[in-house]
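In the block that follows, a single chain appears as structure tokens, in the form predicted on its own.
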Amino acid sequence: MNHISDKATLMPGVVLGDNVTIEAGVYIDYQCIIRDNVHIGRDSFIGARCILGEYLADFVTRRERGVHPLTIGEGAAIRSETIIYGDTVIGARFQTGHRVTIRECTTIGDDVRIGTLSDVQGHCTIDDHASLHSNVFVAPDAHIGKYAWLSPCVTLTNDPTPPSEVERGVVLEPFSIVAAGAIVLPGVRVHTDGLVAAGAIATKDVQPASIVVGNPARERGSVSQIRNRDTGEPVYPWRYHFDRGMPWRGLGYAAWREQNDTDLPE
């Protein structure tokens, strides 16, 4: 039995499975497919031709409709042709670009953004306020920490000797940064405030607040040494110099941290 709010809007061509819950204020655009056991939180926007609660292997191979719920928190903005598989939990105010894929058994926190054409390959954890820009690939078993920042065309891998049955997911700690076109190899941990430079290939752990460059990536000092090319001012740790879309916008990170019970670093 479905539970569809009378204050939700479903445009023509929307297909609903069984046990679907759509809360008030939800807008679902043309030709979306909402499969079984999907719950969409209030005031969410679902763009045209999305598939939510996509089938897992049990249906694809054996036509068995197992129970694989998908929960999406309130205030989501999921843009056209995004596909999200079942057995996934997503927090509030989630945003995607167009044609994003998120595979099964993924847990996503609040205020996470995933850009156009990105591919999260399942069995991953993405914590609050993480930002993944366009064309990011995330292999299974990755853990992306709070406020981690992945620039376009980043690749997080997980197989140390491909092809094999071994999986070693990448770990990105809070406030870590992986710049455009960088590759992080299996099992590598980028510690808090660590920065993998554009185009670098990180083959071993990146230490806290350090920058690594090149192939293979080598440490080139502290991120605190990096300056804005125009002003000469420091830019890292970035939380003290950037606040667009952040909860400390207009207040400053230090003041915000004092006012909130958080285990985030100073």
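Keep in mind it's a predicted model, so treat the numbers as computed, not measured. Position 1 is the first residue in the sequence shown; the rest follow in order.
One more form of this protein should be noted, the form predicted together with another copy of the chain, which is absent from this view; the next part is about it.
Asker: Any of the heavy atoms of residue 98 lying within 4.5 Å of another copy of the chain in the model of the complex?
Answerer: Residue-level check for residue 98: yes, a contact with another copy of the chain.
Asker: Since only the chain is shown here, I'm wondering whether residue 240 would be in contact with another copy of the chain in the model of the complex (any heavy atom pair within 4.5 Å).
Answerer: Output for residue 240 is no: heavy atoms all beyond 4.5 Å of another copy of the chain.
Asker: Whether residue 69 contacts another copy of the chain in the model of the complex should be assessed with a 4.5 Å heavy atom distance threshold; does it?
Answerer: Residue 69 lies outside the contact set for another copy of the chain.
Asker: Since only the chain is shown here, I'm wondering whether residue 224 would be in contact with another copy of the chain in the model of the complex (any heavy atom pair within 4.5 Å).
Answerer: The answer is no: residue 224 has no heavy atom within 4.5 Å of another copy of the chain.
Asker: Can you pick out, from 174, 109, 152, 73, the residue that has a heavy atom within 4.5 Å of another copy of the chain in the model of the complex?
Answerer: Result of the distance check: 152.
Asker: Would you mind checking 103-123 for residues with a heavy atom within 4.5 Å of another copy of the chain in the model of the complex?
Answerer: Heavy-atom contacts within 4.5 Å come from 116, 117, 119, 121.
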